[in-house]
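Here we start with a single chain on its own, the form predicted on its own, put down as structure tokens.
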Amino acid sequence: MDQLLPTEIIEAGGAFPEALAACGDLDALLRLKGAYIGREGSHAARLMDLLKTAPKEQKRDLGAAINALKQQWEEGLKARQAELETAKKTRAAQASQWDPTLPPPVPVRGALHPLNRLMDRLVDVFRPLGFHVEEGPEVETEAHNFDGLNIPEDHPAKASSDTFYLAAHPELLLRTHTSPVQVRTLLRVAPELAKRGGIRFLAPGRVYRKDEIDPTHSPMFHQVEGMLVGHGIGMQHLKGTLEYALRALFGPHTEIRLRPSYFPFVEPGCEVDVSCPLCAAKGCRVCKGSGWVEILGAGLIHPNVLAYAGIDPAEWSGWAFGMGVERMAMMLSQTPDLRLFFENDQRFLQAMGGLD
């Protein structure tokens, strides 16, 4: 059946045993797992794409070949994981044999994680503009995570393949963005909005999505979202605020541009790019030679979002934005792999000391 498979897949299968044996720890094994059987960009994903486009008369034999190869990879990965876990336990047991007569080690002084420092920096940029921080639970309801944000019933984000639903409480989920904080805040302040004259706040925190772990994706990551509600708010206010904030972050010569885009909770919506701070917009690897880097999504709050919270969209308007903290940290530090921020390698964390 191998003649039905592309040469590069056959070669990848042949290289699998050697690559598996070379995995010296569980992190390396996770990376190999992502390369071979991950959801996106893996050899297994390419095989499934090949099966979809194969002639009808070849699908049966090709499907059998693909299943056999995937089973071989999965069994190999499972067996190697068991070996590595056993070796890890053995090393831990050996390390526990200590000499009680030795002096205790000098404790290392701790510090805030680079991602926390970057979120604090983002908050500090907006505080002079009158923004405060709002927080909310990481376990959310569909009403706050989807319905209050004008996200339709058939949206892919509502599928269990994209979102972590709680098995014991199917009506609850791990929030997929920090936008539910915006819904909760609007619901809370709606009765006194006129007295307050509007509201402006940030919502930083952890969010969760069903992504395979790879150099640019993680099932857990961080966002900072912002919202402003007032009278007569337009795109000019959004652009001016983001221009101020991004120049405070990246330098006074930073330029921004807004490109039309779609998000259910804003109308109109846009993607916001900044002139590449690493090459002064001359073109480099990070900006792929364009001189621009996509940094966040934004737009004017959809009237349905305001109406859901009991706020009259004919009287009130506003804008919102959201950015990924890891994406910005990777760009500022030129870190090639997202996983480095979560592996707690002290050498990397010390090297990130200049991130803030």
Partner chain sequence: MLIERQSLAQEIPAVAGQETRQLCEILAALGFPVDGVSTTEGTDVLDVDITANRGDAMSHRGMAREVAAKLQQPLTPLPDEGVNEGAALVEVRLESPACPIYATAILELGGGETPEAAQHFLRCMEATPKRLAAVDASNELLLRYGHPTHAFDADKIRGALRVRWAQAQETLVTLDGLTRTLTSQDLVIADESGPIALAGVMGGDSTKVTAETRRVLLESAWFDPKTVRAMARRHSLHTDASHRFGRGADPAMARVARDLLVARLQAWCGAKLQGAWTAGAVPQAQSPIPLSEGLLNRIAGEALGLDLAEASLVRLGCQVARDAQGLRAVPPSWRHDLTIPEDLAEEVLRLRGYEHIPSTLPPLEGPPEHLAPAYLQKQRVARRLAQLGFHQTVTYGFISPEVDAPFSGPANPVEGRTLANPLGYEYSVLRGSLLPSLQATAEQNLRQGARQVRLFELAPAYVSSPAGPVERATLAVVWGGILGGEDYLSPARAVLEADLTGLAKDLNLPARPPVHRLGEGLFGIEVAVADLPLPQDRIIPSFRAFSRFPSVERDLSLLVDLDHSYEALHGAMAAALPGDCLQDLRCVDVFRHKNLPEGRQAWLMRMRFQADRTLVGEEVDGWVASALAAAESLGAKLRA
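Note that the structure is predicted; figures quoted are calculated from it, not measured. Positions refer to the first chain, counted from 1.
There is also a form predicted together with its partner chain; it is not shown, and the following applies to it.
- Only one of V286, L187, A87, A111 lies close to its partner chain in the predicted bound form, with a heavy atom inside 4.5 Å, and it is A111.
- Residue K239 is the only one of H177, R80, K239, H144 with a heavy atom lying within 4.5 Å of its partner chain in the predicted bound form.
- Shown alone, this chain has one stretch from 67-75, 274-282, 89-97, 112-120 that lies within 4.5 Å of its partner chain in the predicted bound form by heavy atoms: 112-120.
- For the chain shown alone, G269 is a contact residue for its partner chain in the predicted bound form, at least one non-hydrogen atom being within 4.5 angstroms.
- Under a 4.5 angstroms non-hydrogen atom cutoff, its partner chain in the predicted bound form has V139 among its neighbouring residues.
- Its partner chain is not shown here, and in the predicted bound form it never comes within 4.5 Å of any heavy atom of T254.
- By the criterion of a heavy atom within 4.5 Å, Q334 is excluded from the residues contacting its partner chain in the predicted bound form.
- For the stretch 328-353, the set of residues having any non-hydrogen atom within 4.5 angstroms of its partner chain in the predicted bound form comprises F341, F342, E343, N344, D345, Q346, R347, L349, Q350, in sequence order.
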